[in-house]
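Given as structure tokens, the chain that follows is alone and in the form predicted alone.
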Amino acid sequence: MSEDLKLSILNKLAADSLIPDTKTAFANVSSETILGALKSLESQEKVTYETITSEVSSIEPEGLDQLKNGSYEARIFNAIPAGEQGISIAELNAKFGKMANLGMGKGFQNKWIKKSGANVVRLVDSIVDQIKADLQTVEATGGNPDVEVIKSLKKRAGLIKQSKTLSYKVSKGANFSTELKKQATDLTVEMLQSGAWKSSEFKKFNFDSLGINPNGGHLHPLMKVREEFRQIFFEMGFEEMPTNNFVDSSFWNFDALFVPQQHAARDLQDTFYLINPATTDELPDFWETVKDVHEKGGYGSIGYRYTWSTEEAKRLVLRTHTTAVSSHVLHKLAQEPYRPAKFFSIDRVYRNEEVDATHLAEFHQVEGVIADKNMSLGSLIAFLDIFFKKMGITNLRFKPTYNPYTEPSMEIFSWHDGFKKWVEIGNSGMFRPEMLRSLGLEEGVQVAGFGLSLERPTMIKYGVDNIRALVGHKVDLGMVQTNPACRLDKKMGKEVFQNKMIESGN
């Protein structure tokens, strides 16, 4: 049908040079089908066309009834006998039902009839049924009567319905011909090898086409778990730290945390260093305090006994942990009058590590610090116990470890049913005085810190056994679209958390 219609359009143009209205020329073909054929011919520059929009009136069932039997008011008038006696309203109601009230109302309005006691009598000898006449005009003109007729009928609901129709005025295009040649849509290897592309006619690209509407977006499982983490922190009274500083100096990322400048974590194997710019122009005003603690010690420490370098401290890095954010926030907290505080952050960090089933070079870290007087390791364990229970993770183990900026320090493990082994899901500890006092926090204030991977708890929650199936180019979008929203167990509230802290001796 499509090819036949295209040929019919071209042949008609060849004979007449113009098709004024396709609705008349192709009465039995829908406007959608004609438009498809015209678009195809236009892409070959065989035709040009203009859209003609018109309104057509069709008579509704109520209008068809009045077209056949007369308007309601005319029927009422004809039912009233001539003379002063007329007919009773009760008789009209019995004969015409609901139509009686409508007909009498219009008859009174037109001053054709009037009430006389309980009866209705004529005021004129004859009438013109304009409604019926207008409906006959609509029928006779194929739904295209004069504007005044339409205005008159539209005053009465339910008589006619108007709908828009489309037709097209078609003219010859720049490449007009009556021959239809199949256009190639792709340049293939076979065409290049055979040379057929030289004589082929290619279909033009339609750069104005909107294409297929994309499906609605879906939250990645990481984002679902991230939002649950945030709500847990907020429930427990934490404040969120700003994390928009992805590039930081080695001073804030390492030195302020009492990480020695010769520490293995600073090697190129673990850290991404910037090339341009390679360094920052300045250090914070307390850098000399940090320098002295590294070189000579202080606050009960003998330090690292090496020569501290300002050049090394100024080197810019992609932050290796969000503890760099914590160092900024704790220094700012030290400038305020003392208050207990709890902060958290969830954002990306960068490590120059070999990618495997449980490690990525770019991942999310959940970071939190609790600052208060008389804090202890028991306080931290109590918090982590509550925190992970809120995620539905109850099978935890803690293992002593070493961190330059915390002492004592603990690694946190959870049993992974997919791996059938204990998997490290976080690190924690009590920040060292060498770090806290250098940042300006007063004596007696202890800070518990913890860092958790967002990816590994998500893997546990959603049963993913390879982190590369969760993040990166191998992610299955079907998994993202079909996995449900994350809902973590939140049976333990703030009061229970506080009770646990009390039980731990704090």
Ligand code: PHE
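These numbers were taken from a predicted model, which means no experiment stands behind them. From 1 onward, residues are counted along the sequence shown.
Keep in mind that the form predicted together with this ligand is not shown, yet the notes after this line are about it.
Q: Which one of Ser249, Ser167, Ser414, Asn403 is close to this ligand in the predicted bound form, taking close to mean a heavy atom within 4.5 Å?
A: None of the others qualify; the residue that does is Asn403.
Q: Report the residue, out of Phe450, Tyr462, Phe26, Tyr49, that has at least one non-hydrogen atom within 4.5 angstroms of this ligand in the predicted bound form.
A: Among Phe450, Tyr462, Phe26, Tyr49, a heavy atom within 4.5 Å of this ligand in the predicted bound form occurs only for Phe450.
Q: Does any heavy atom of Glu367 come within 4.5 Å of a heavy atom of this ligand in the predicted bound form?
A: Yes, contact at 4.5 Å.
Q: Residue-level contact is defined here as any heavy atom of the residue lying within 4.5 Å of this ligand in the predicted bound form; does Asn427 satisfy this criterion?
A: It does: once this ligand is placed as it appears in the predicted bound form, Asn427 has a heavy atom within 4.5 Å of it.
Q: Please tell me whether any heavy atom belonging to Phe431 falls inside 4.5 Å of a heavy atom of this ligand, as the geometry stands in the predicted bound form.
A: Yes, contact at 4.5 Å.
Q: If you check in the predicted bound form, is Thr323 within 4.5 Å of this ligand, heavy atoms only?
A: Contact with this ligand, yes.
Q: Given that the partner is absent here, state which listed stretch (340 to 348, 315 to 323, 192 to 200, 83 to 91) has heavy atoms within 4.5 Å of this ligand in the predicted bound form.
A: That would be stretch 315 to 323.
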